[in-house]
Ligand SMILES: NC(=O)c1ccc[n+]([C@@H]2O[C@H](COP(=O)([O-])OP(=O)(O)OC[C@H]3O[C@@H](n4cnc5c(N)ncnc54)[C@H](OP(=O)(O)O)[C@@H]3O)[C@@H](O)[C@H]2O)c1
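Take a look at this one chain, the form predicted on its own, written out in structure tokens.
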Amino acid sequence: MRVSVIGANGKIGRLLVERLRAADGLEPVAMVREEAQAADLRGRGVEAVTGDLEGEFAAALEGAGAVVFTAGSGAHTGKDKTLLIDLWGAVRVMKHCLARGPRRFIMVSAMRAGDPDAASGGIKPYLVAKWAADEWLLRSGLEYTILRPGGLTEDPGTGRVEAAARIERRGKIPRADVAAAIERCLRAPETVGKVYDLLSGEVPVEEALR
């Protein structure tokens, strides 16, 4: 299955593309903003296309059986980009999927996005944007899975996580384990229609997302 990875040059996106490239039965199509990034990916044997969530991106979804939205405006941009990328960019991709496919949609959101009022300070606008994008997806009719990881780290993945509809404790998770969870969701029909908080834990990814 061809999997369109929106945000393939991000830290989770890069790990996911490499993971899918090595996996059986899943073929990543990496969407990046710059041609130099696309050329680098192609040089490593990855199909890559340029696209812009504020402009044209349809080519990245052509022929895909699933889309993974792991794009983000980044910590160093303003609230305007949070609105235009994390929220409206996600909604634009969902609208495209409703009109032309694919129907399978995996959203990489954020822990606490289900209740932004529980947060304060500079993170709150980001969580509000994620909440709104998640809500749009929940009501869209797409075959969704929403993953809400905790604090992201560069640590090596362990393959073990804690996953539940709501986790009360704060915690962290390696980006590599988020990528592993995304792959599991792509392979597991039982994850359709589910929302998972995601932290490092003791349960193998395959079992935790059952």
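We number the residues from 1 along the sequence you see. Since the model is a prediction, treat every value here as computed from it, not as a measurement.
One more form of this protein, predicted together with the ligand, exists but is not displayed; see below.
For the options 194, 11, 21, 187, the one in contact with the ligand in the predicted complex, meaning a heavy atom within 4.5 Å, is 11. Only one of 137-145, 38-46, 157-165, 51-59 places residue heavy atoms within 4.5 angstroms of the ligand in the predicted complex, namely 51-59. Contact with the ligand in the predicted complex holds for all three of 33, 110 and 151, each having a heavy atom within 4.5 Å. Proximity of residue 72 to the ligand in the predicted complex: non-hydrogen atoms within 4.5 Å are present. Not displayed here, the ligand is approached by residue 126 to within 4.5 Å at the level of heavy atoms in the predicted complex. The closest heavy atom approach of residue 94 to the ligand in the predicted complex falls outside 4.5 Å. The ligand is not shown here, and in the predicted complex it never comes within 4.5 Å of any heavy atom of residue 87.
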